[in-house]
Each structure stands twice: as C-alpha cells, then as structure tokens.
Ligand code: NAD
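As a starting point, one isolated chain is supplied in structure tokens, in the form predicted alone.
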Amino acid sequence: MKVGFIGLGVMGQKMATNVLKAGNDLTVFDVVKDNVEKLVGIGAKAGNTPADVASKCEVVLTSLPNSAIVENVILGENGVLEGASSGTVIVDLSSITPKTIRKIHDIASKKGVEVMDAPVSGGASGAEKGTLTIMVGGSKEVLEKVKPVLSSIGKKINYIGNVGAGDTVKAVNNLLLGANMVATAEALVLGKKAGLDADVMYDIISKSSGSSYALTAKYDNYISKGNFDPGFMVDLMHKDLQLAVDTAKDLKVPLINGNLAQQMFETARAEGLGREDISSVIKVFEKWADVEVRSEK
C-alpha cells in the first residue's frame, strides 16, 4: 500500500519504520530534515510538503505534538488535504482534542477524504516493537481498509466509535494515569518520610487495594533505581491532561482531580523535569519532604 507518514519524532520515527518494514511504499515528511533522512536511509521516500506526501499516497498517517499543529498540517497551506484526492484516508495518531479531529473530518469529507482519529498507547518501547494499543474513531468500513497498515504499528486495534471517540478515550485513560501517578508519588513519599522502607511499601501495596499501573510500571524500573529517562515524558503527560481539561470545559464537567494532577505536572515542568519520565513527578514531593524513595537493595 502507498502510505504517507508525517511527524517523525520519538514515536513517529519508530512507527514509520514499522510501516516500512511491513512492506508498504512509504513517503515521509517532517520539519526536521535529519528525521526524514533516517527513514530515507532505510528505504522510504521523502515528500517535499504534507500536500506532496498526500498526492502520492492512499493512506496518510500523522503523528504530531498538539491540536493546533495537526489542524495546520492537515488543513493549512500545503497541507495534507490540499494534496489528497477523493478516497484518500487520513489517520491521525496524535493525541488531540475531539473537537479538533471532528472539525478536520467535517471539512475533509466535503472533498471525499476520510478522516480517522487513532491515538496510541504504549510509549516509545511499544512504538519500536510494534505493540501499541490503538484507539480508533471513525468509519468501521474505513478501519478495515487501513487495518493492515495499523497492524504494523499496533498489537491491539480497538474500534471505539465515531470520529473523536478515539481521542476521547485516550484523554480519559491518560487522565487516570496522570492522577494515579501523582497519587502514587505522594503516597510513597509520605511512607518514606514516616520511616517505611520503599521496597516493603511496594511489595505490600502492589498486592493490595492501593495498587495501580502507575505503581507497578514505574516503581521497579524508574523510582526505585532513580532512573527517570523516558518512558513517557512529563511534557507529554501535561499536554494530555490539558486535553482532558479542555474536553471537560467543553462539556461543562468539573474536573477536580484532573486539574490538580495537571498542576503537579506543571510544577514538575517548572522544576526542569519536562523531558524526564512521568515518574519523576515524585521528585517534587521528595523535595518538599526532604526524602528520597529509592530501593535499598
């Protein structure tokens, strides 16, 4: 299949590589030319603009930082829609607001171009291994058409509902992850300050009602070792929590825990932790309590 891929950052570079390895005819574009050259070096073709990529492809995948950039890359000058033909499918793998992808869908549909939101979960390691979870919003029939491409980057492809549903469930999921990560960090620091051994806390809590993905995924490999190389960066979690906050405002739903969690990640960013793993939010609590939660093994 002739596939375009726009946005070759940490996740995009790995996903595009897997699309290429699956045997697709791949054309790529990124504003960072070195990222493009890496893909060209293993067999991809370079597009001059998003419009140029779309003019050569049946399916165009986008993986970009935020709603404004996605909208501009698809709808703006020299954007994907400008080069796309009737029947082209645009699949946005980014995490953006549901209202943005619905706007893009409504405009693109007038040209006969299909749009789907398909945000991913699983981090950089999942992107590299091709084992991401993909949450798809859009037409079931179109999903069947692009499933071979999505199968090259994801192990679990979940159809959620109409356009925007994928981005909505991703926002809800990451709202829970962010809130759980903050709560986990706060609790572990409290226990350490009270004199508890970090490993003992982990052993008990991970098998008790206080357990969560934030604890089991982030204690052993990150917190206990003092290793905060991402993983999933604080900056990205802050952005995803903003998506949940914005969606809640649109729906007039109070978001108490979500707003508090976002403020904690904002504090972590202010402490210079934006490029570190989300587990590094514990450093903020550690600083306040003057303790460190690390393994003593």
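The numbering used is simple: start at 1 and walk along the sequence shown. Just so it is clear, the model here is predicted, and its values are computed rather than measured.
One more form of this protein should be noted, the form predicted in complex with the named molecule, which is absent from this view; the next part is about it.
Query - in the model of the complex, the residue from Val284, Met11, Leu20, Leu273 that sits within 4.5 Å of the named molecule by heavy atoms - result: Checking each option against the named molecule in the model of the complex, the one that comes within 4.5 Å is Met11.
Report task. Could you check which residue among Ser55, Thr247, Thr267, Asn35 gets a heavy atom within 4.5 Å of the named molecule in the model of the complex? Result -> Among Ser55, Thr247, Thr267, Asn35, a heavy atom within 4.5 Å of the named molecule in the model of the complex occurs only for Asn35.
Requested in this report: Specify the contacting stretch among 88 to 96, 147 to 155, 175 to 183, 190 to 198, defined as having any heavy atom within 4.5 Å of the named molecule in the model of the complex.
Outcome: Answer to the contact question: 88 to 96.
Report task. Determine whether any heavy atom of Phe228 comes within 4.5 Å of a heavy atom of the named molecule in the model of the complex, and answer yes or no. Result -> So Phe228 does not count as contacting the named molecule.
Query raised in the report: Would Lys170 show up as a contact with the named molecule in the model of the complex if we use heavy atoms at 4.5 Å?
Result: Contact with the named molecule, yes.
Query - Contact of His238 with the named molecule in the model of the complex (heavy atom, 4.5 Å) - result: No.
**Report entry** Val142: touches the named molecule in the model of the complex, heavy atom cutoff 4.5 angstroms
**Finding:** Outside the cut-off, so no.
Query raised in the report: Using a 4.5 Å cut-off on heavy atoms, which residues of 55 to 87 contact the named molecule in the model of the complex?
Result: If the 4.5 Å heavy-atom criterion is applied to the named molecule in the model of the complex, 55 to 87 yields Ser63, Leu64, Pro65, Ile69, Val73.
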